[in-house]
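One chain comes next, on its own, written out as structure tokens in the form predicted alone.
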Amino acid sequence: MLHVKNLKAGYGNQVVLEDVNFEAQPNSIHGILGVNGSGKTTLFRTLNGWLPKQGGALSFEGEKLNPDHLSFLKTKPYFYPFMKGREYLELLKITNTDYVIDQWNEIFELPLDRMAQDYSTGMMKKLALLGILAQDRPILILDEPFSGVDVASNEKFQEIFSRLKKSGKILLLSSHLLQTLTHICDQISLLNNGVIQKTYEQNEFFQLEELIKGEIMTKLDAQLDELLPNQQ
């Protein structure tokens, strides 16, 4: 199990996350929902060790969480210039590299002998995902994984994530769109202003939807009343 307890993190004197608490079980997909700027990426960077935590504890299966426990898919993957797709994957030091990569690429159908810089946005996302899948680590952290991919790839991603869950992995998915999480997640934690307000189980997702719609519509109605007053 992944435990996040009383986590505090930020950039210098700027605190972004304050007293964040949640846990994620093996064989589960845990969603992190929040608007842009709520702290989702900061949370994932801290879990991955790219950003040092300022307080709290991170543990996995009873020991301190470390980078070898997880793989991290960024929202916008970066690739070095003049590097082929296969060369990028080989840099990840994957065991049985060629075999594993080729097996996964039967699904992704990427031109691995082309320069990654020439890939489309969706192809770059698939290349980065292929890399973390081939690493075969117990925790997968996926920051906005459905952003920038086409409909067919979206369907493939969903099926892959479901299979990974069944194989015993822990998946953390972030999104600012509720509907991208409700159809695949077992739990969803609502992150707002750097704090987890509540973690919702599947049978509570309707409450989360009603909460978000209510907050949005209350604010939107007031704004529209000023811009487009009712003439009736």
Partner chain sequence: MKGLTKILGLRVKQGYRALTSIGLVLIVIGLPLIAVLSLGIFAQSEKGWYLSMIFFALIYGIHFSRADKEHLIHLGFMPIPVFVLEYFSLAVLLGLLNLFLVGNWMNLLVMVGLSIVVGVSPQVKFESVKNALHFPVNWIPIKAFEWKIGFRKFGWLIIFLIVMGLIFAKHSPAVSLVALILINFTSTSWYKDFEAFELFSIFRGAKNTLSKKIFYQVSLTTLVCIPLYIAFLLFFNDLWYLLLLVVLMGHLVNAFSIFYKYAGYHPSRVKTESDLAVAIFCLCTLVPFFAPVVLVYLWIYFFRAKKNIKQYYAPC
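Positions refer to the first chain, counted from 1. Quick caveat, the model's predicted, so the values are computed rather than measured.
In what follows, reference is made to the form predicted in complex with its partner chain, a form of this protein that is not presented.
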As a check of understanding, the residue in L164, V35, L178, L58 with any heavy atom within 4.5 Å of its partner chain in the predicted bound form should be identified as L58
In this chain shown alone, the residue from I160, V100, I107, L91 with a heavy atom within 4.5 Å of its partner chain in the predicted bound form is L91
*asked:* If we define contact as a non-hydrogen atom of the residue within 4.5 angstroms of the partner, is S147 a contact of its partner chain in the predicted bound form?
replied: no
If you check in the predicted bound form, is Q202 within 4.5 Å of its partner chain, heavy atoms only?
no
Original post:
Is H183 close to its partner chain in the predicted bound form, meaning a heavy atom pair under 4.5 Å apart or at it?
Top reply: no
Fill in: Exercise: G49 in contact with its partner chain in the predicted bound form, heavy atom 4.5 Å
yes
Here the chain appears without its partner; judged in the predicted bound form, the stretch of 166-174, 23-31, 40-48, 193-201 with heavy atoms within 4.5 Å of its partner chain is 40-48
Exercise for the section: May I ask whether K125, E155 and Q207 all come within 4.5 angstroms of its partner chain in the predicted bound form, judged by heavy atoms? Expected result: no
Contacts from 135-163 to its partner chain in the predicted bound form (any heavy atom within 4.5 Å), listed N to C, are Q135, R137
